[in-house]
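Given as structure tokens, the chain that follows is alone and in the form predicted alone.
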């Protein structure tokens, strides 16, 4: 079983409009709702790849109830912890004329100390049956900035490989707890290390504590710096569409590859192909299996010298 943690879950809403213009009224041509938050997105893709997944984190209020109703028929097992606050909404507005997306993200609910303690109990129980765990996304109000570092230490103590996908100070604190894998994008990596050179920044992040660093480089693909070596992977062509959830699909590719014991070139190729297929999908955070299978053999992976 693969466990994904989403402390700041969301009800994702996607609006499609013919053309998006500022200071104007728009007629929405299509509306889609789905359970969201980075870890839930990761779990949905993992399930599509055939892996047993469990999701945990927080859910509350009317939006939390809708999220759990939408999650109920899906393969990921719901182990979310109820809270008194209201789960946030994220709104993606897709411009059909250009394919571009405008994203609006609400803040999450304030989490009480009692709710955090209840989550830690659930997390400890779930770690006992996990082959790997992904810690994903932002922290809601009320959660201390070192929360991910605490969760990493607990996973390591349980002997469970852990992937961290967050940003800012939670990423900085989390890396110091020595996660097995971190997956920042280029901007997050630059803010962490002060270097705009992805290769230099990835080596720096490893020196700070991360066992392996996989950096998302947008249309240029992904860079992996691991003890075993250094690899770049690039999609066969630039893709345009809705990028919502593309990074989460990449995380699912990396996690599934870890659990399956795939070599790094195959893990990276899977992550890049899933990410590109997600961008091309009409609904935010989804992907078409046939598109993914078409892209996978065309991803170019380049092997470099052993990482420093």
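None of the values given here were measured: they were computed from a predicted structure. Residue numbers count along the first chain shown, from 1. We call the rigid core the largest set of C-alpha positions that still match within 1.5 Å between the two forms.
There is also a form predicted in complex with another copy of the chain; it is not shown, and the following applies to it.
- Contact annotation: residue 169 falls outside 4.5 Å of another copy of the chain in the predicted bound form, judged by heavy atom distances.
- At the 4.5 Å threshold, heavy atoms of residue 62 reach another copy of the chain in the predicted bound form.
- Though the partner is left out of this view, residue 117 does not reach within 4.5 Å of another copy of the chain in the predicted bound form, counting heavy atoms only.
- Within this chain, residue 21 lines the site of another copy of the chain in the predicted bound form, having a heavy atom no more than 4.5 Å away.
- Only one listed stretch (93 to 101, 193 to 201, 71 to 79, 144 to 152) carries heavy atoms within 4.5 Å of another copy of the chain in the predicted bound form, and that stretch is 93 to 101.
- Listed residues 128, 227, 113, 107 were compared with another copy of the chain in the predicted bound form; 107 is the one with a heavy atom within 4.5 Å.
- Taking another copy of the chain as positioned in the predicted bound form, none of the residues of 202 to 236 brings a heavy atom within 4.5 Å of it.
- Once both forms are fitted on their rigid core, the CA atom of residue 18 lies 2 Å or more apart between this form and the one not shown.
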